[in-house]
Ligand SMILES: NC(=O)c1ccc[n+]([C@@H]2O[C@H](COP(=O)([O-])OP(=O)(O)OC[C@H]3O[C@@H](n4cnc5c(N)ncnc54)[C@H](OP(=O)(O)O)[C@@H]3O)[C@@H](O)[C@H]2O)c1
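Below you will find one chain, with nothing else, as structure tokens; this is the form predicted on its own, and questions on how it binds or moves follow later.
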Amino acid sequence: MGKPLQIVVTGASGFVAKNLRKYLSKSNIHLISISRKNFKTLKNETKIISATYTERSLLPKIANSDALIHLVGIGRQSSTTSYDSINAVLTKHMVNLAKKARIRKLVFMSGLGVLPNSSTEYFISKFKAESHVRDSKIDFTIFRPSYIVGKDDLFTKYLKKCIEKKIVQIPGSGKYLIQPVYVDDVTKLLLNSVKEERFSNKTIDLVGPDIISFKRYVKLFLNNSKTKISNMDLEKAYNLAIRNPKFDYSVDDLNVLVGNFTGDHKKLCNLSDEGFQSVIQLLKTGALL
């Protein structure tokens, strides 16, 4: 019997990473989890708190690990934290660190809609990050996810607050399409991408089986509650997103929604050989509430 896998997970306190860590811990995999923030340690897990992800503090601890799953990223920038500094520059730093640590596999979470001709800062930063991963000469898998949903993702938390306030605002018509994927399916895929050669050096759309309008998603989530749905003029939504950092939607949230980005779920199924949970069915049963 061989020794258990050792996997490094960055962004350990984030939504996807929390769910992934629980899954890997139950799978008897040794985890080295890194975050800027403190977090509760799981079975088979080594915790590292690092504000700057410096080489000196990390390299001896992650050396010769089987894989690095890099989940650090931001979807909203500010005057102090830019997309480029986190999504691109930090990814480049972690790729270089993986080389020095002789890690054999890189798994990176990008974004659905990222293309070489991307024109928005968010997508540009993710494409730069993808390029760093591909150029590393380390075996890689890049996932481009749509909305990853579960009981504690940011969008679900937002909608739960809307139910408490009894109103949810939808920018524009809400007819733009999304292709959400369930977080439990994502965690299985992330582990499989480390263990199975068929994921080697591939860039994959990470999307669920259902393509659904944003407005219908919200209606299903509300599950016949008395919460009112209000359509906000899209120009007004962009104006608020530009002027008010506390507005529910950032400029790039709106760009992603209006972009109508969908992916090839059939291709994902053929590659992964796994079944995927219908998010529509989860919404209808209230499983995400």
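Each residue number is its position in the shown sequence, starting from 1. Since we're looking at a predicted model, the values are computed, not measured.
The next section is about a form of this same protein that is not shown, the form predicted together with the named molecule.
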Open item on the list: Considering non-hydrogen atoms and a 4.5 Å limit, does the named molecule approach H30 in the predicted bound form?
Closed with: no
Report whether the minimum heavy atom distance between S65 and the named molecule in the predicted bound form is within 4.5 Å. no
query: For V16, is any heavy atom within 4.5 Å of the named molecule in the predicted bound form, or not?
result: yes
| query | Any chance R243 has a heavy atom within 4.5 Å of the named molecule in the predicted bound form? | reply | no
The one residue among V168, V194, I103, L90 placing a heavy atom within 4.5 Å of the named molecule in the predicted bound form is L90
Checking L189, I178, L97, L71 against the named molecule in the predicted bound form, the residue with a non-hydrogen atom inside 4.5 angstroms turns out to be L71
Of 245-253, 32-40, 259-267, 221-229, the segment with heavy atoms within 4.5 Å of the named molecule in the predicted bound form is residues 32-40
When the named molecule is considered in the predicted bound form, the residues of 139-161 having a heavy atom within 4.5 Å of it are P145, S146, Y147, I148
